[in-house]
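Listed next as structure tokens is one chain, alone, in the form predicted alone.
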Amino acid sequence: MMRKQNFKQQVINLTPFMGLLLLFAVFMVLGTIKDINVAYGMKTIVNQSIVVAIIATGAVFIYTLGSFDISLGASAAVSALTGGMAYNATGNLFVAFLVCIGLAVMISLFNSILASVFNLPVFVTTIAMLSVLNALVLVLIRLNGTGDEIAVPSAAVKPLDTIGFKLVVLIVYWCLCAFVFCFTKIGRKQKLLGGNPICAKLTGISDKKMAIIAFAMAGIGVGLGAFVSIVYAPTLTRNTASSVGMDVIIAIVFGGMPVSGGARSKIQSAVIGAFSMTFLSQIMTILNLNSGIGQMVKAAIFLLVVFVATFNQRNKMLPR
């Protein structure tokens, strides 16, 4: 009986990765049949996935606590716009990089501290912050003078606008997050706190401290994602990173992470989910499916993944 349960759990754990491999295989087959440029398509997939994958990797720490942050996309936009302004003022990309990271971490920490001070659920403060940051995006664009965009010279970022650089950023950041999440007390405490906050508090784990650490890690990811956005699309507008917040939520669930967080949280879910989403979008583009059908297909797969990820766990949830 135990072996059967372990096998079933292993299958459930591998389902997201097998789904990604299946989507990759379907993309390659359809690309060959339709005679499209597969190499260019793969480059497009990486470029479209990388920002979401980076930001979602950091967001796993927040979701592990059983909470979520819907202001991540707006935070990335503000950080990217401010980083672009910093480059235009100094002519130094490293300064822009530091501004992106520093501002994103400050915004994330402000979210967690605000929730702690007023004893509010984290998601409540992030909803409020979403409106503030969206308004700040418009203010920053107006301050630029044109009122439409903040442009970084493409020649300045061209040396970094390579698949290799973007993958290095993702891999290095993912390895850092994986180490903290899987091999330190921080990761274990956050999983316990997300799975059973009552038990975690009784063992002396500080929910406020863990929230601050989670948001700090997520802030680093947002800052890196903002800088990569500048590199990939140096003309920044009010639509920069506009869909990232929702894409992060979908990517994490697509990657097989339970929406409730806790011990079954997985750091690899972010990358698997981000690339799975993009492969699916490219496949629907190859098949010439209109946006309405595409959204229906994504919704159906989203529900299926949530069902598989929570299967056999519904009656095992600890009191919260």
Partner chain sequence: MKKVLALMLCFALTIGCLTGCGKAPAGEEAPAEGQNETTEEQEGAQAPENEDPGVELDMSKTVKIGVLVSDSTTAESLAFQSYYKDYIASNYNVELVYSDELTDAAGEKSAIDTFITNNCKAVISFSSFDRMAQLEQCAGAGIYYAVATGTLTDDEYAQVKDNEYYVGAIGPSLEIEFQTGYDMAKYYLDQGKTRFAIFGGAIPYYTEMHIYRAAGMLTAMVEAGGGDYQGASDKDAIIGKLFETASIETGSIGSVEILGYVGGYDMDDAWFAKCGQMAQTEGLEVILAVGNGSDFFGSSIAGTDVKIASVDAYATAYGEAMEGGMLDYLAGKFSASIGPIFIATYSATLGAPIRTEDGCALALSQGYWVATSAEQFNEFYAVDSSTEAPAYTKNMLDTLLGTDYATFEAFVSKYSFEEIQTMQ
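Just so we're clear, the structure is a prediction, and the values are computed from it rather than from any experiment. Residue numbers count along the first chain shown, from 1.
Not on display, but discussed next: the form predicted in complex with the partner chain.
Interface residue among V259, M28, I70, A263, judged by heavy atoms within 4.5 Å of the partner chain in the predicted complex: M28. Site annotation in the predicted complex: the residue of A156, V137, M85, A233 reaching within 4.5 Å of the partner chain with a heavy atom is A233.
The partner chain in the predicted complex is not approached by L303, whose heavy atoms all lie more than 4.5 angstroms from it. Contact annotation: A251 falls outside 4.5 Å of the partner chain in the predicted complex, judged by heavy atom distances. Not displayed here, the partner chain is kept clear of F97 by more than 4.5 Å at the level of heavy atoms in the predicted complex.
Taking the partner from elsewhere, L193 is found to have every heavy atom lying beyond 4.5 Å of the partner chain in the predicted complex. The stretch among 102-110, 129-137, 159-167, 205-213 whose residues place heavy atoms within 4.5 Å of the partner chain in the predicted complex is 159-167. Counting a residue when any of its non-hydrogen atoms is within 4.5 Å of the partner chain in the predicted complex, the hits in 46-77 run V46, N47, Q48.
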